[in-house]
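Next up: a single chain in structure tokens, the form predicted on its own.
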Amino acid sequence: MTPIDVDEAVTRAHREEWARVVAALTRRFGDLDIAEEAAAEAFATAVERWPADGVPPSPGAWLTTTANRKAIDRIRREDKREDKHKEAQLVSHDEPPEPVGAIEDERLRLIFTCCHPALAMETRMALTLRMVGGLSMPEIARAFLVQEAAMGQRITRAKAKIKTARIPYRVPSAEDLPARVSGVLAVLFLVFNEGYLATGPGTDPVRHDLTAEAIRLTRLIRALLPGDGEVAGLLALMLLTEARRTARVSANGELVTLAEQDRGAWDAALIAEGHQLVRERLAARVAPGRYQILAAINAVHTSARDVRDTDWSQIVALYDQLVRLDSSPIVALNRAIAVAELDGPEVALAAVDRLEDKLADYHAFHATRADLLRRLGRSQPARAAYGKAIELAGNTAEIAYLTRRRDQLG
């Protein structure tokens, strides 16, 4: 096996096994710091050992075993004063864990631990992206539009609070679930978005491992709360978005916009399932939440056989509904994109420009301005806006697309 093959095996193992290894260690040792550091050490050992020893037949099992040993070594080093107690604890944990059912999923337990209401909402989301999604600190900082150092401090404090408050590692009881689920859904949505528009350097532009895991965990939560409209809405939104994944990046690695995608390449089964969930929520005649409205918007997009058949008036009406629930500048930006199709780019540009103070560091703001300016024939300011979007973007496929659009302006 070549060094390149080994590097690819380590990268793939990190994508596929990180959350499983961290979850297993958290369950065993009850400490997120130990779990994360031991997992990181295990992957570092793999980088050293696999080129010489070969990639093991079961990388996940090798990593979990190695991480367990690293964690035990750390505990023994750090707590000499309680050797007898710790030795007893470690021996008792050497027994194989009891089997868990489909719902008692270890990664789902880890998510609910990270999303405990004792933590602030943004902290819950950041911690889960790190512990479950395996995202790097720069990737998480970009997701929240904050500095990397500040995000690192936030995550460190969250892990300490979980340890000090002895927050349990479990899926909450049935009566506690509804109050806890909103934070979990927000996290899963962020994990999915990072997979669908990956921002890490050297990563694939679309990370199917993250989108698939977010969908899998959302399905588990839907089994826990089958009547929750927002759980159904998020699942529908993910499915309708995932259905377009293979059509979203061209053969030469460039982003393909929704308007330019080959709709025949969309996954018909995922679209049918997503549409069915949207129809079920409409039939319930209950006021929809944020994810249900976003799912409905995606249902309108995926119902059109050609981009020219898109019902933009319905999409703008749905965004009007969403703005009443979520008045964030990003929602306003997405509404303006739809308004451009209905009322023209000049009207949309005026709405976008009003968001500059709040979205000056957000690449999609500048990409949207660039496109609207291009459509209005204002080439020089469009070039400048494309340049700013390229500077701020982290996704390789998106950078390639924006660069081509800028260069077309001459």
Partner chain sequence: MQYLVSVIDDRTDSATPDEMAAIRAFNERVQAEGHWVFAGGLGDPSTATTIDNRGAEPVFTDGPFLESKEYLAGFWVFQAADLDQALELAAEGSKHCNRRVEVRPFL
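Since we're looking at a predicted model, the values are computed, not measured. Numbering follows the first chain given and starts at 1.
Beyond what is shown, the protein has a form predicted in complex with the partner chain; the following relates to that form.
Contact annotation: of the candidates V331, L177, I167, L325, the single residue with a non-hydrogen atom within 4.5 angstroms of the partner chain in the predicted bound form is I167. Residue H116 is the only one of R222, R263, H116, R157 with a heavy atom lying within 4.5 Å of the partner chain in the predicted bound form.
Segments offered: 132 to 140, 311 to 319, 290 to 298, 168 to 176. Contacting the partner chain in the predicted bound form at heavy atom distances within 4.5 Å is 168 to 176.
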